[in-house]
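As a starting point, one isolated chain is supplied in structure tokens, in the form predicted on its own.
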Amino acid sequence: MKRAGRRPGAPATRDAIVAVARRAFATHGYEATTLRAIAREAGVDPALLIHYFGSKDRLFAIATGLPSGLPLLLQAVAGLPDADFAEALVRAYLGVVDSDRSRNSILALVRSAVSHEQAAATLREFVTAQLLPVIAGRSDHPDARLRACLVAAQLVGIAMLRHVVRAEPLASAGPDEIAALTAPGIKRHLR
């Protein structure tokens, strides 16, 4: 018995569209990225994007999903001794932000959070539910959550200046150098 309707496309085509969308959102942000531009770069008809994803918002949500291993990485860092925590946090963060596999997802969120509420909400949810508790848990201060926000702001700022603004010498500095220079400030916030 034949099924009616459109035949499903190849999974590779869908994956290619998501990869193109991820790069486009990371490079241009949500507002400046169009479905037509994504379709053109992916070499597909724009209608295929609607078929697969339904809307630009849905494609954005799929393309900018945070890396799946991020919660486990944060849990591992949370279990480290105080002396090692700050530098390990920066190294782990840079490992995600600098990685070819996850950089575009993170940057798409950071770049788009300024002008798109869904991106801001996704980034806010990650920061408040996963990142801040790990950082705030390292401080006994009554304002531990504020201190954790300051640390998170520094980390997001590093991603912004390193990969969006591409400010030198930060853009070309090695992760070891960045971690060594950033860790003392993080430790001061958490003391």
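Throughout, we count residues from 1 along the sequence that is shown. Quantities reported herein were computed from a predicted structural model and do not represent experimental measurements.
Not on display, but discussed next: the form predicted together with a further copy of the same chain.
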Does a further copy of the same chain get within 4.5 angstroms of any non-hydrogen atom of residue 35 in the predicted complex?
-> no
Looking at the partner-bound form in the predicted complex, is residue 138 within 4.5 Å of a further copy of the same chain by any heavy atom?
-> no
Consider residue 168 of the chain shown here, and say whether it contacts a further copy of the same chain in the predicted complex, taking contact as heavy atoms within 4.5 Å.
-> yes
Wondering, does residue 154 line up within 4.5 Å of a further copy of the same chain in the predicted complex on heavy atoms?
-> yes
One stretch from 36-44, 158-166, 56-64, 22-30 that, in the predicted complex, holds residues within 4.5 Å of a further copy of the same chain by heavy atom | 158-166
Tell me, out of 70, 127, 48, 134, which residue has a non-hydrogen atom within 4.5 angstroms of a further copy of the same chain in the predicted complex.
-> 127
With the partner omitted here, the residue among 96, 78, 113, 88 that in the predicted complex has a heavy atom within 4.5 Å of a further copy of the same chain is 113
Contacts from 29-61 to a further copy of the same chain in the predicted complex (any heavy atom within 4.5 Å), listed N to C, are none
